[in-house]
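Before any questions on binding or motion, here is one chain by itself as structure tokens, the form predicted alone.
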């Protein structure tokens, strides 16, 4: 199948690109491939949306009924201790950190609405179509293979096998989100990270709660730092009071933590037992759960974003503003920039070349302005801890906001998150409290609230480069941290006296919520996340 533009991923970046292409030239033939069962099924974000991208894409979005209605009315940062808390005044913070004018949204619902706008313009959207391979013509990306289904567990064609089809385009836009499998292939094949800092990541876990209406304050935004992580890891929480008495509560752990015994999911569950949080949630019920990796490297980790015939959009490149805890606006802006470049090139009779205009736009336009000002906050946290980051990073942001220059210049990240993991012998196991089933829950119970499903007869999409490494290397050296860093209970070490090693490494791929943490944090870099057949994975309602 031949198209002008092939877009992989129906998130904010991909859908914005599709809409903008058709706004420029209604005759452009544009297709969007989405691996989720429907648009929005794999979208997970906080989210407080800065509408700058939406304003640029669809200025009359309010009149068109966009699900962007809950304006932020209250905004606070809080440092937690084990039993108490201290609010950080808003006045010392740079203006860019404030949220007036922003909206609490479900990005899943926003993407569903964007898909409707795209289809009205004539964009073809194919959900349940996982793009599993790149189609190459020499050094050029010419398209993707999508829709392969029905393989047996050993990879051979099963009785209901359907071969994938090639979807070719004059330009291919990769908008898979964080640590996408095709984006990873492109970055490695073309060495796009050369000369840039390694990408950094966090794991974000989120629950949606319906709470007592008497406690609900629509439009309230709260971010916390400190307990329970302390010095074990960087990170924090968000609490967003959305509409319909719902609260979006989430917890982020930076994945450059050193202690392999750290258990991010258990930290999240423990966090909800803080008196201030427990009081809010008591009497309510959790209605959804999910998890997703977050790109945190920022400006200095942006790879080269163009290759012949293809571009990296949004979080496929890593455009999250970490201190603002926002990336959707930049994802949308990147989609607009990509569409502008592609449409102009096609109008000029070009195809398959490198759209350097897109790279230039990202590195000199509003995305650069947003990311450059905050570029030292994440490395400052990694080097100096939470307090040091608040002081040094805050000072650097203030100067950058006022004078458009960073007094700290550009700090480096150094190690990858995988390389940051240290041997287990340097630490003691952490004793986490058992979940009570009211405020806190075990992983498998919570995974049921992600509505995840995988066809069990297909090949496991979580590949091991060397199947012996988990037991032979990771278990004695790092106490096999996959048992803990996975927020869905995919990985287990099971005692088995029938094998020489005395234990087996078990992969319960059916539980996978597609967060990509294993691909990022495995200290041996032995796990490779690949896409399962289309339509599988989580089915998030309004994440």
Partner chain sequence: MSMNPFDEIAVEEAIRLKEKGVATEIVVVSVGVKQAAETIRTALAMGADRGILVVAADDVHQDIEPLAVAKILKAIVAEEQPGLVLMGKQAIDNDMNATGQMLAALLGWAQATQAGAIEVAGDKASVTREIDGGLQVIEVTLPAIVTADLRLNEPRYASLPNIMKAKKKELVEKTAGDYGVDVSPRLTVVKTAEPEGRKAGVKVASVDELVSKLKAAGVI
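Bear in mind the structure is a predicted one, so any value in this text is a computation, not a measurement. Residue numbers count along the first chain shown, from 1.
There is also a form predicted together with its partner chain; it is not shown, and the following applies to it.
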Contact of residue 33 with its partner chain in the predicted complex (heavy atom, 4.5 Å):
yes
Heavy atom of residue 317 within 4.5 Å of its partner chain in the predicted complex:
no
4.5 Å heavy atom contact, residue 126 to its partner chain in the predicted complex
yes
Using a 4.5 Å heavy atom cut-off, state whether residue 477 contacts its partner chain in the predicted complex.
no
Among 372-380, 327-335, 160-168, 268-276, the stretch whose residues bring a heavy atom within 4.5 Å of its partner chain in the predicted complex is 160-168
Find the only residue in 420, 149, 392, 97 having a heavy atom within 4.5 Å of its partner chain in the predicted complex.
149
Answer key: of 353, 137, 436, 455, within 4.5 Å of its partner chain in the predicted complex (heavy atoms) is 455
Quick one: name the residues from 1-28 with any non-hydrogen atom within 4.5 angstroms of its partner chain in the predicted complex.
1, 3
